[in-house]
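A single chain, nothing else alongside it, follows as structure tokens in the form predicted on its own.
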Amino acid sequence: MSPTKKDLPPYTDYTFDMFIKSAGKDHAEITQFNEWRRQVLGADMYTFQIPHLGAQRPEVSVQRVSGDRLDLISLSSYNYLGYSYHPEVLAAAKEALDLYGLGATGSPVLNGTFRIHEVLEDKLIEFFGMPGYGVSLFSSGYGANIGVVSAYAHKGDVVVLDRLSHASLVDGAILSQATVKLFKHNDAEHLDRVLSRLDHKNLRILVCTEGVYSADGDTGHVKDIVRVSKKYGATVLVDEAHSLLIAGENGRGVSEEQGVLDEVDMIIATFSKSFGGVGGCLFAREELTNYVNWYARSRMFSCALDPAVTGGLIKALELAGGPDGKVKRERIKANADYLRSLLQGEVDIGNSHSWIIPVIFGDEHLYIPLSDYLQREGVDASLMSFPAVPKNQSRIRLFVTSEHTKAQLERGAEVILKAAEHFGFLLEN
């Protein structure tokens, strides 16, 4: 029998959004948050920031606050192609570590750029195969989006965002002081109506979309958005964080897959997903990357990429651009289709056709007990709830990799369906 609201512990009355802010000078939200955290810790149901005891492989070991060690099937890591622990990637990182030391210890504009950073830039340009383009490196994917958007758009300009845009795009738009407009998710017709109301002959307009949306796992309608945007002379940015090295015949993302790579003005790559490292970059016309290098505050005022990670990124890109990447791209898509087939019709998995599969359980008050249940049953999963997703649309996000075996996916699906039965979100057949 699934638990009802009255069966849930008292701390489930609280949801994440309740601790975001409060009025007055006493900072009541800080006290309230820590009281909530103390209650969850006391019940030994705190599943957040749990130390992982090894690399992000399909099977991981974690240690709970209680000291208990759990061996889990990992469906929470976006190490999509397994490059974070690939022996050749690690060897390249170690070689760079010996040569350059641990950190860059400086802004990339000043003393923090090393020769190995320039090699990564050159390799990325070679990978995309587009002469005349450049690369602007950032120490995080979040920093790339917030820096690029705020450097390109200024007060008096307009940034037009998909309603489901990543927080980094939203924050970049706010930081830019431009006027922010929203269009319905993946809706090119609504985008057309939004753009038609703007003075597109006199305004700088930046339209932002994504290759794969990480909350729902659906693919961006990049081709349609590019077509409409160009009609009004708008610049197009595509965040390919969850799609680069996977989507497209050569792994160049959804922009390649939909045949508009050469029409997109700016591509954002994130190195913490398929590359298996950390950092991000802008890929765009060289004149633009030269400008962003100086005027993106999140780049100018941050330390440059760790040189050892940079060495590993170069090797990961080399592997992804060759036969290894082709095999892994085929395998991750087959694995995602297989996991979808195990869940389809049993739970609500939305409209995902990618390697991110949401399992929508709805009520955000189930977040804590469900997360605890999944860990104790043997699955490491990523949960999202309001305000990261709409109210009563909380979901488990399952990240599939090329390295999962069928047996691991079957075990993962078994636990998810067991949880769905226990908490009452199985579909009625």
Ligand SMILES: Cc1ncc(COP(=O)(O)O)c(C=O)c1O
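Fair warning: this is a prediction, and the values are worked out from it, not measured in the lab. So that there is no doubt, residue numbering starts at 1 and follows the sequence shown.
If you look for the form predicted in complex with the named molecule, you will not find it shown, but the lines that follow are about it.
Contact with the named molecule in the model of the complex, judged by any heavy atom within 4.5 Å, is made by just one of Tyr78, Phe183, Phe114, Phe127: Tyr78. A heavy atom within 4.5 Å of the named molecule in the model of the complex is found for exactly one of Ala336, Ala241, Ala296, Val160: Ala241. Gly279 belongs to the set of residues with a heavy atom inside 4.5 Å of the named molecule in the model of the complex. Lys315 falls outside the set of residues with a heavy atom inside 4.5 Å of the named molecule in the model of the complex. Taking the partner from elsewhere, Ser136 is found to have every heavy atom lying beyond 4.5 Å of the named molecule in the model of the complex. Using a 4.5 angstroms limit between non-hydrogen atoms, Pro108 is distant from the named molecule in the model of the complex. In short, of 140-148, 220-228, 119-127, 323-331 it is 140-148 that has heavy atoms within 4.5 Å of the named molecule in the model of the complex.
Along 254-282, these residues reach a heavy atom to within 4.5 Å of the named molecule in the model of the complex: Thr270, Ser272, Lys273, Gly279.
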